[in-house]
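We begin with a single chain expressed as structure tokens, specifically the form predicted on its own.
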């Protein structure tokens, strides 16, 4: 394939050498003549293990050339990859000027092309950038139509400095955001020889994946550092603690708990988090990340409350209000906290949870409902059918084995707000179905 790669920085340089090794014809394009000359001479413009050898081999084999001429690079290739930087502005907002400038150059060239040209965005851009900024810009300048005369794909990179070549040839997965099948197929063919799963998704989801990944990586580092700081204050080997922590592949290092939904609750997570933060404070140690978890959790409850208030209804049914499905535990249930907020605002509520029955509650659960939330027990009804009968809005608080059959009884005028984690079944009825997150 004939490919022009715009930007000879870290990402672009790795792609030039790696794609040339795969047999493709590459033109490396940059406004910096010094970088272009280095590539043309078989030298790498970056310091990275194995990359100089790849570029040198590519030049010797006639697979790599360099150019400062954007127009000719596009005219001589079928695919253009945008690999320029997206630095931060002083405000924290992303600076898209380099990306948009390159896309303008590509648009000016494809204006004169008769063949289909595919643009691949490898630069990190915020969600909606492709659809709201790049595609309209190219259409305006080129007078060509997206999907008909040119294509655009979001193909985020996940290369780590120091191991970028290895990451390219052995990635955990390859993400291709595309609207059209033909665009996806072209880019997928570039990676078909690599030992990783190729994921097709939307342009927006592909743009978001880079941010979700990097935010999580930053979160893990900060979490480890705060746990390490607490360990040090208590004379504990932090390395040993985190090594043992990582041995749990079922809950700790796994997809567990990584499904967007409602706030956490129950008898363990809230109290243990508070205790850990307090233990740090006792030793005059600030742990802002751990402290912020509870603040963010409370915001999830407020977000749900605000979403309900927007619906302009008065009668609400809550289907499932234990802190999670399959239990009758109401202690620190975020759904109970939401119910109390709704009561305070004057909503008429009915509650049903087949696992919560006053007659069956014993011990701590019985005392909790009698002493802490007796007003809520008076709102409970005996069946889901009774709950949905007059409710204008149904809140799905947790899982229930008869949830689908209950949903089938709703009419199109009733709202449904689903607080359950993403990945649970979505319902085709009623029309007014909405998830709290995602």
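Residue numbers count along the first chain shown, from 1. If you're wondering where the values come from, they're calculated on a predicted model, not measured in any experiment.
What comes next is about the form predicted in complex with a small molecule, which is not displayed.
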Problem set entry | Interface stretch in the predicted bound form with the small molecule - options 23 to 31, 383 to 391, 398 to 406, 370 to 378, non-hydrogen atom within 4.5 Å | 23 to 31
Problem set entry | the small molecule: the contacting residue among 85, 228, 260, 147 in the predicted bound form [heavy atom, 4.5 Å] | 85
Exercise. Of the options 208, 190, 118, 159, which one has a non-hydrogen atom that comes within 4.5 Å of the small molecule in the predicted bound form?
Worked result: 159
For this session: Using a 4.5 Å heavy atom cut-off, state whether residue 338 contacts the small molecule in the predicted bound form.
Result: no
Problem set entry | the small molecule contact in the predicted bound form: residue 70, any heavy atom under 4.5 Å | yes
Problem set entry | Contact label in the predicted bound form: residue 9 to the small molecule, heavy atom within 4.5 Å | yes
Problem set entry | Distance check, residue 124 to the small molecule in the predicted bound form, heavy atom within 4.5 Å | yes
Exercise. Are 350, 352 and 419 jointly within 4.5 Å of the small molecule in the predicted bound form, each by at least one heavy atom?
Worked result: no
